[in-house]
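Below, in C-alpha cells: the form predicted on its own, a single chain.
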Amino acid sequence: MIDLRFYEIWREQIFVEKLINGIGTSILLMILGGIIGFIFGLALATARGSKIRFLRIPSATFIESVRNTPLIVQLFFVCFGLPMIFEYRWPFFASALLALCLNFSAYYAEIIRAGFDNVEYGQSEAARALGLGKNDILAYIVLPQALAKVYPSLVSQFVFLFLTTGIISEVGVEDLTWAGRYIADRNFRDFEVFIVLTIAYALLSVMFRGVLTATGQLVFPWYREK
C-alpha cells in the first residue's frame, strides 16, 4: 500500500510560502509573456505577410528558428548566450520573461497569419473602393476578423505554452515548478509534491482558459464561428 503523506508539504510554513510565491511568479510571467508575445507576434505576422523582402525574410527566419528549437535551448541562449555576446547581465527573471516572449511571439505569429489568410480578399478590395487606406483596412477590416477567427487557437496555444514553462526553474527562477523541487529536496516526498504541482497546473490552465474565453466573448461579441 502506498504511504501518501501530503501533510509533509504543509508542515513547514516556508513550504507553503514557496508554493504561493511560485504560483504568483508563474502567473505573472505568463500574463506578461502572453501580452508582450502577442504584440510581437502581431508585428511578425504583419511583417511576414508583407510584400517587402526586407521585412518578410527576417520575420520568417525568426519564426521558423524559434518554432523549430526547444524552449529550453532558447532559454539558455537568452540567459547565458546573450550576456556573453553583449556583455550585460540581466536578472534571470527578466531573461526568462524575454525567452518566453520570443517563444510566444513566434507561435502567435503563425496563428495570426493563418487568420489573415482566412479573411476574404474581396473585403479589402471593397474597402479600397470606398476610399479606405491600407492601414485603415488592416486595422478595421482585416485584423478584427482575423483575430476573431483564430482566437480559440490563440487561447489553446497560450495554455499549451504555459504548461511547458516549468523549465524556467532550470535557470533559478522561483516559479511553481521550482517551489515543488525546493520542497521535494527537503522532505523527500517527490510523489506527493508533484501530484500537488499537477493539480495546481491543471487548475491554473482551466482558470486561464476560462478568463481568456470570456474575454474573447466580450471583445468579439459579433463573431460566431460557423
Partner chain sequence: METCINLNDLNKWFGSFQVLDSINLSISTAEKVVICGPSGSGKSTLIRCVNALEPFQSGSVNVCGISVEKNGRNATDIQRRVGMVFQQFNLFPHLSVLKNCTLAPCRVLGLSDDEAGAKAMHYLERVRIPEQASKYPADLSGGQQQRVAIARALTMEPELMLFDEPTSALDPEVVTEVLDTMVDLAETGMTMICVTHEMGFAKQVADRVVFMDEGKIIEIATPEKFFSEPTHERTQFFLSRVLG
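Positions refer to the first chain, counted from 1. Predicted, not measured: the structure shown is a model, and the values here were computed from it.
The form predicted together with the partner chain is left out here; the points below concern that form.
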| item | value |
| --- | --- |
| The partner chain: the contacting residue among 132, 73, 114, 94 in the predicted complex [heavy atom, 4.5 Å] | 132 |
| Among 151-159, 118-126, 85-93, 105-113, the region lying within 4.5 Å of the partner chain in the predicted complex by heavy atom distance | 118-126 |
| Touches the partner chain in the predicted complex: residue 144 (any heavy atom, 4.5 Å) | yes |
| Partner proximity in the predicted complex: residue 77 to the partner chain, non-hydrogen atom cutoff 4.5 Å | no |
| Distance check, residue 7 to the partner chain in the predicted complex, heavy atom within 4.5 Å | no |
